[in-house]
Every structure is written in C-alpha cells, then in structure tokens.
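In the block that follows, a single chain appears as structure tokens, in the form predicted on its own.
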C-alpha cells in the first residue's frame, strides 16, 4: 500500500460517514504528520447524490457501489451504510478483491461475523470494526491488544446510549417511559422507530461482538438472553432508589470456573456506589475484569457523529499502516478462528433478584409469599412495604440472596397464582459490586 496516498471508498455518507469526511478533511495534515499517509477519498457511494452535494461540495459522489469498490485506486473500503443485506453483499465484494474493510455495522458482524472474517482471511485481507461497539471508546483495541495477556472473567457494560438517556430521565425526573422516550426522540437520541434500542437487541449485538473477543469464543446474538426497557415502570425506579440502587440496561458476559458463559442483556439494579451507577445520558461505560489487571473501566461517548467517526478513522489508520492486517493474520481471537461458546442455559443463572408484588392487604399474605419463595430455595435479603391505598392492594418489594433463575421463575408462578396477589409480578435482577470495591 502506497505510503504517499491511500484511496478510500466510502459506502454511505449519513451521520457517521459525514463525520469521517470531516475528520479526513479537517485533520488531513495532522494525520499525514502522524502516520505518513495521505487519505484520498476517491468515491462516496450514496442513494441520492443531489441530496448530499450541497452539504459536501467537491466530494466524488456516486450511486455505483460496484464500480467504486472495484476501482484499482481504492485500497480501503469503509462501510457505514448500515443494514445487513446490501451492506453484506458489498462487504463480500470488497473482501473477495482482497481489499480491507472498515465497518461500524454491529448488526452485520453479529449475524455474519464468522463467515465474513473467514472470507477476509481467505483473501489475505482484514476487517476493522472499532466503531461497531461503544462509539468512540477504544474497547475493541483494548480487548484484542491491550488486555491480551488477561483471562477475562467478566464484561459488564452500558453499551446503548438511547436506553441510558431514557433511564436517566426516568430516574432524575420521575418520568414515565413514554415521556422519556418522547424527549429522547425530540433531542435526536432515539430513532423514530426505537425498537432495536429499547428492546435490548442493539446491546445484544454489541455484546455478541465484545464477548467473542473477551472470551475467545464464537458468540451469536441467539446465545444472549435479552430483555428491554420498554416495559419498565417508574415505580420500580423509585423503589430501587429507596433501596440504594439505580436501574441500568446492562450487557453482561461472565465466565464460570468450567469455562461456560452467561450472556444477557436486561434492566439491572446497580448499587449507587458502583461506578456504572454514575454513567448518565448518552455516555457508555464497559467494565472488564481480568485475572491479572483486575478491574478496568472504559468510559466515553457511546454514540454520535464525531465519536463514532473517530473510531472509524482510527481503524483507517490501522489498516493504512498495516498493523490491522498483521494482527488479523497473527491473532487467533476473531470469530472465524474461535470455537462456539459454551453457553450456560439461562435457567441456571445465579443472580440476586428484585421483586415487586401487588398484594392484598390482609393478614398472612407475606407469610404466603415467603413460603412460596422458600419452597424453591430462595431466601430474602430485604422487604419494603408501603401503606395500602383505597383499593386495599399494596406494593411489596423484596430483594433476594443468590438464587437460580429457574427456581425464581417457578416461585413467581406460584406467587402469582395466590388469590391475594394481583399479577403479573415484576422481577428484575441485581448485580453486586466487584469484591475489590466491597471495602472501599
């Protein structure tokens, strides 16, 4: 690859693509000084060149993706168009020509990662994907290079900015989910159709990528238990606050002593003294626990034009200097060279739980609840009960000690069947602080 000039084909020029153009244009001299390479944007593939011409005057806009990728003066293809069908076909085309690909497409990598990585290896090229997870946070580089000496035992993160914005507003303002979502959409933090984000699927796709690197395993989105925030009630946020917790949507990957993984995305009670409890708004944070390092926290902007573009340009630099291709060739950490993950069935998950039950205010009801929990081996940690209103039903909030997910599910079925309970009851999981923080 020429040291003087590196030809770029940019697939898509939306928010992130525009950020990449801005960095490559405004910081061209800085990049040249640092790496000795001048990036030459030779093609920018868009659906409607007229729509982009006014915003990006002078850019070589085109609708012909095939010709742009095939151009012999293009050395690197940057895929920022999103989706899996058209984007997947174009990424394949580039890889088959031996051209390295830089992508922010988490959906594509989560669904077809092993296949595409194998294709890149077959054609002696590489895929760089720092921008696919965590916005501008260099978490991919950390897992694949900086922490390579560590056996990673756990990865716990806030990896979806939209959900974190919504939960922050619900917590601080006492808003309903609908109110918080509406404001997030108004401010541009949430899409018109927020389903991918609020359902937890976006976080699950990122977890599939991150867990694959952290645990040297082939992880698919189907391996991950997923729950979103769209059913979360303000009452549970308030009760969590009363108990000393904050509710966050966490992506969690853990390895047990037998090498089995638990992989899950769901609303989680995080103690207010935990570092993740302080992560607000559109920021992301990812905690990594390594056997040698201990705990490391990676924190920063998890989305947005310039943070994500920063990660994409960092990948461009890695490809242009050849370090990405060398690592891709030498390291056995990518999904095509890893064995399928040994995933612990979700019913066997050990966790602490938060329960909110709606109980009739009559004598003996708490005894019935504790009996149902005790029959399934679940012990109580704390109980919080409010005074009855005119309906004679009261919320009873319980936190438990460690219990198996399957046992909790069975216990809840028994509790909701009680004539004194107005179901369905609410069940959320509680995550404990790492032991190294327990004593301050």
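In this text the structure is predicted, and so the values were computed from the model without any measurement. Superpose the two forms; the largest set of C-alphas matching within 1.5 Å is the rigid core. Positions refer to the first chain, counted from 1.
Heads up, the form predicted in complex with a small molecule isn't pictured, but that's what we're talking about next.
Visitor: With the small molecule left out here, work out from 256 to 264, 233 to 241, 137 to 145, 158 to 166 which stretch has heavy atoms within 4.5 Å of it in the predicted bound form.
Guide: Within 4.5 Å of the partner lies stretch 158 to 166.
Visitor: Scan 252, 110, 313, 303 and let me know which has any heavy atom within 4.5 Å of the small molecule in the predicted bound form.
Guide: Flagged contact: 303.
Visitor: Which one of 334, 245, 354, 189 is close to the small molecule in the predicted bound form, taking close to mean a heavy atom within 4.5 Å?
Guide: If I apply the 4.5 Å criterion carefully, the residue I get is 189.
Visitor: So in the predicted bound form, does any heavy atom of residue 99 sit within 4.5 Å of the small molecule?
Guide: Residue 99 lies outside the contact set for the small molecule.
Visitor: For residue 227, is the CA shift between this form and the one not shown at least 2 Å following rigid-core superposition?
Guide: Not so; residue 227 is displaced by less than 2 Å.
Visitor: Using a rigid core alignment, state whether the CA of residue 141 is displaced by 2 Å or more between this form and the one not shown.
Guide: No: residue 141 shifts by under 2 Å between this form and the one not shown.
Visitor: Indicate whether residue 92 shows a C-alpha shift of 2 Å or more between this form and the one not shown, with the rigid core used for the fit.
Guide: False for residue 92: its C-alpha shift is below 2 Å.
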